[in-house]
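Just one chain is shown here, as structure tokens, and it is the form predicted on its own.
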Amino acid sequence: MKIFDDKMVEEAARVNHVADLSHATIGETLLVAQYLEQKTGIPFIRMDQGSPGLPINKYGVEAEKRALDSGIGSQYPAAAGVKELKEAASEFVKAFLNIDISPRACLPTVGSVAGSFGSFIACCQRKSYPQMGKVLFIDPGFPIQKSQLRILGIEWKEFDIFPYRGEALRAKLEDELKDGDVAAIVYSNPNNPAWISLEEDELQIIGELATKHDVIVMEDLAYFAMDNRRDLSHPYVEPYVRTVARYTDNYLLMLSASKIFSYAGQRIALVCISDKLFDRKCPAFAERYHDEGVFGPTFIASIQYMITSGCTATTQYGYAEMLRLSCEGKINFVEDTKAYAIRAEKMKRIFCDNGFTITYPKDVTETIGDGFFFSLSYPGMSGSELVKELIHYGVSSINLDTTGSLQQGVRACTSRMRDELYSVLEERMRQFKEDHQ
């Protein structure tokens, strides 16, 4: 028996101006869940929004307070970032990725959303003037990035990686890149929404083809070192976090503080640019911006500064302190975020015990790990049907088709799960199974 009947769910959608629940955005789904919860007092299992569900890192907060007390709030922050953060970022990349990027090429942004917005502009304006190249998404992926391209008027290509894992990825990428119209490749690793991770051979394929076709790889590392299948918590020690940066000089790495330090409210991230790309001359930039046309300086002064005019200085000092202490082994952010993996393991077991399957169950050689997200399917149901049906049982999620996936299922986020809700979820999914034999 459903918890919320059709009439009540339809009312929630109508009041919140949600035209189609089956393809609702994260924000729309959130509004419907909140409406039903507030109207009835019945708690929802909130698997919709990927907002951190752990306490904020205290070291960052304390560093911000010290910075504010020092009086820096009276001055505009430098567009390229404060020296302390740039140096800490360079060292962090060395400690956990074993990649050398100079401090000058590590740029703070107001969250990775602002970082990707500026990066799309830079990558797609680099080759020609006044036209812009296309972006290739290795899906499933973060829907907001495509919304950014709509705003910018940039075209994109996309493909679901599900049937193209391993060596099959090479032929697919060659086919997508052969026309020479792609300026950037985008993916997240670990992946939002499916939590799959690209393996070393796949990253090598991407890197080699990016170099061959002169394409920039935008590697979104929002869930940095959160692949719990390997111990990635020790700085300057193998195994290091996997990255395309080992296989090409055409890359931008996006490193956000939101998930690994639970610092989402402060909106701080980094775009770390390959030194060779940072120094690269781009005639199209010179023609468009009337500068020397060097990638890094143009990205900073002519693009990113126009979006945010710099990041809040105190927040930069907070981020710098967290990165510095991580390199010194005084913060173990990997251990801190393992709570998400524990939640995922429990939640997946409940769903799978009641007839669900994991939509993206494995990488090339391994079963996917447990972490911030996972994907769910139910026999005989499309993703559109499943996302709507789960709402009736007090479980909110998003349809995988909104992420570029061609598979039938939904994305589940673990961040808002609480201990007292496991028994509630178990009871509701038992009922779901009974009602859908």
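Just so you know, these numbers come straight off a predicted model, no measurement behind them. Throughout, we count residues from 1 along the sequence that is shown.
Absent from the display: the form predicted in complex with a further copy of the same chain. The rest refers to it.
Participant: Wondering, does Gln125 line up within 4.5 Å of a further copy of the same chain in the predicted complex on heavy atoms?
Facilitator: Gln125 belongs to the contact set for a further copy of the same chain.
Participant: Answer for Ile303 alone: is it within 4.5 Å of a further copy of the same chain in the predicted complex, judged on heavy atom distances?
Facilitator: Because a heavy atom of Ile303 falls inside 4.5 Å of a further copy of the same chain in the predicted complex, the answer is yes.
Participant: Taking any heavy atom pair closer than or equal to 4.5 Å as contact, tell me whether Ile121 reaches a further copy of the same chain in the predicted complex.
Facilitator: Yes, Ile121 is a contact residue.
Participant: Would Arg267 sit within 4.5 Å of a further copy of the same chain in the predicted complex, counting heavy atoms only?
Facilitator: Contact with a further copy of the same chain, yes.
Participant: Three residues, Lys39, Pro43 and Pro190; all within 4.5 Å of a further copy of the same chain in the predicted complex via heavy atoms?
Facilitator: No, because Lys39, Pro43 and Pro190 lack any heavy atom that approaches a further copy of the same chain to within 4.5 Å in the predicted complex.
Participant: Within 4.5 Å, heavy atoms only, which of Glu238, Glu292, Glu335, Glu167 is in contact with a further copy of the same chain in the predicted complex?
Facilitator: So the residue touching a further copy of the same chain in the predicted complex, by this definition, is Glu292.
Participant: Ser102, Ser147, Gln204, Thr211: which sits within 4.5 Å of a further copy of the same chain in the predicted complex by any heavy atom?
Facilitator: Going through each option in turn, the one that passes is Ser147.
Participant: Considering a further copy of the same chain in the predicted complex, find the one stretch among 258 to 266, 229 to 237, 159 to 167, 93 to 101 with heavy atoms no farther than 4.5 Å from it.
Facilitator: Flagged stretch: 258 to 266.
Participant: Which residues in 302 to 318 have a heavy atom within 4.5 Å of a further copy of the same chain in the predicted complex?
Facilitator: Ser302, Ile303, Tyr305, Met306, Ile307, Thr308, Ser309, Gly310, Cys311, Thr312, Ala313, Thr314, Thr315 sit within 4.5 Å of the partner.
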